[in-house]
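The chain that follows stands alone, in the form predicted on its own, written as structure tokens.
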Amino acid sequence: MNGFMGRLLLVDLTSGRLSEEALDSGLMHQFVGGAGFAARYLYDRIDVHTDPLGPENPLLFMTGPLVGTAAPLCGRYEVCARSPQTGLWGESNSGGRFGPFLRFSGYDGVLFTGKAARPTYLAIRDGHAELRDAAHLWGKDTYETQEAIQAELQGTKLSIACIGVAGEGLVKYAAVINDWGRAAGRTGMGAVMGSKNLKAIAVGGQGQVPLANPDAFSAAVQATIEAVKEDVKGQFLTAGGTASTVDTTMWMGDIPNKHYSMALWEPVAKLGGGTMAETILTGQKACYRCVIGCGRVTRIGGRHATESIDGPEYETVAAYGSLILSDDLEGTAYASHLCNRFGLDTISAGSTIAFAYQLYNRGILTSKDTGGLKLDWGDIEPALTLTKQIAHREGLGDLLAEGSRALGRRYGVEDQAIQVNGLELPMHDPRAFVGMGLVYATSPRGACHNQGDMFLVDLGAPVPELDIQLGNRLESSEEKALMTSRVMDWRTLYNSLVMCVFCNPSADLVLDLLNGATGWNLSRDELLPLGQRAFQMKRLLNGKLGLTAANDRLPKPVLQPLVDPAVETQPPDMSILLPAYYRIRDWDEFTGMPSAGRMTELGLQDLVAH
């Protein structure tokens, strides 16, 4: 199978048995790889009765046909299971080197089932896999864990994905951390690892991905590298990192302030990439074969002095900064460091903490509830304390570890929690880009900006060869629904390849890379249908897990207007957007599932629509 190593490693943690399974070439043609393949593969293995934190929940680490090749920005991997945070489809991806190194070890993916009797980690080196004792690693943070395993497995160039104490303690939004500070952060895949007593996976080897047409692939690689280098968006990320988004979109109301209740808060500029470069930045980091290098390395002083910190990224400076009205850049960097070490999703952790701040300032949470902490707007120190409490499930942190939906439910204000299906909104306010509201409401994993970055499209990044056109960022219309559906299909294909969303060459170059690697000889017209098939596959799986049309809704606060003469914003009109989107997707208005005709059109007719 060109473009693939051709096999999955199957790990039964209960028995300790390791085996292999050949990849189904038919499924790869249908779903490409990554999260698309994972959704189809896990569809037959989970249902509404599967306990997300039970041994019966399968956990799949998966790569795609471009991972580990010379293609730029294709150093990612997907980790998938039923989410303990949402109860629905769980999907998260991360950069670094783990995805390529998994392929070099001889496998396209690893499926974990069951539960180990004691803490365990998996090591795969040049096709040889073994389960090893991890009792001495339990309780260590993710940096200590990676260092210890590197020392144990001497002589091998490795990449390690692991969990920290948050995953061990089954925090619902625990992350998987690899290559020091890279995170598969969303939907709680770290908690699934913890529930299985699986501390880490170490991978490495000398394998090479077979290519169908090496010459054509090499030409496509060179053309793609040049395109990415010439892309202004990529240049912007190289210069300022993801936090440079602060500097460009704050005047559009994109950055959420004071837990999504304020349109503009000008001190947020102190958290941007420009300020970071002038103050705490010490270097840059790039993932495997990346020509952008958006990762930041920083150093902070003062009471939280830390020599080397991965980040902070845009989502973190907003989640731990503007959401609580703190302009303390060093504080947000330290928050990022804590989350990386503990293994926490910074979006969900920061947003849940910000919700606690809001409830405290409304008198709903009291000092008795907080253990004496004063959650005053602008003060990041209590947020840092709460982050530690969440990771260790101590004090109020034990409740916050369940997420903002659970916090709101406990105090009778669940409708004020900023989440969709249990997953907290990312740091792009849908009142600045209404297409993001539709993405959040219908994303297969809950609120997610990487399932369809309409904010980027409407900032001026169309894909004209796929008829993805930029539009008015505040316009709720059928056209916006159509463009949103296409963007979501396109990014779903990215999550199957697996390609970083910061890599934006022409669709024809993406096609050349895929064809050069696999030899499939696809046409441009087949790209979006590949993405749509995987997207609808995830929808069917969510239907099997209990999702209906009633799940497709936004939290009430982001449907309320923001009033600020300096910033133009507009709540998404879901009464226009959602029905139009349903018509485009051919979804039933009650079940929320695709019609039999659409399933047949996509080759999914053998699956049951729930």
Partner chain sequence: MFNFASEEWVQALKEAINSSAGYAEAAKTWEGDFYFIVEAGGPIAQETVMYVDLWHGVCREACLCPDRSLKNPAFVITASLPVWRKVIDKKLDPIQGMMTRQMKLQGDMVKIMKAVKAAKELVECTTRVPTKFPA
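Residue numbers count along the first chain shown, from 1. From a predicted model like this one, the values you see are computed outputs, not experimental measurements.
One more form of this protein should be noted, the form predicted together with its partner chain, which is absent from this view; the next part is about it.
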Given that its partner chain is left out here, which of I225, A277, M262, V501 has a heavy atom within 4.5 Å of it in the model of the complex?
A277
Tell me, out of W251, W377, Y143, W138, which residue has a non-hydrogen atom within 4.5 angstroms of its partner chain in the model of the complex.
W251
Candidate stretches 235 to 243, 349 to 357, 485 to 493, 100 to 108 - the one whose heavy atoms come within 4.5 Å of its partner chain in the model of the complex
235 to 243
Are any of the heavy atoms in E230 no more than 4.5 Å from a heavy atom of its partner chain in the model of the complex?
yes
Its partner chain contact in the model of the complex: D458, any heavy atom under 4.5 Å:
yes
Spell out, yes or no, whether the shortest heavy atom distance between L470 and its partner chain in the model of the complex is within 4.5 Å.
yes
Flag P462 as yes or no: does it have a non-hydrogen atom within 4.5 angstroms of any non-hydrogen atom of its partner chain in the model of the complex?
yes
Since the partner isn't included here, can you check whether its partner chain sits close to all of G437, E475 and E479 in the model of the complex (heavy atom within 4.5 Å for each)?
no
Looking at its partner chain in the model of the complex, which residues in 361 to 388 have at least one heavy atom within 4.5 Å of it?
none
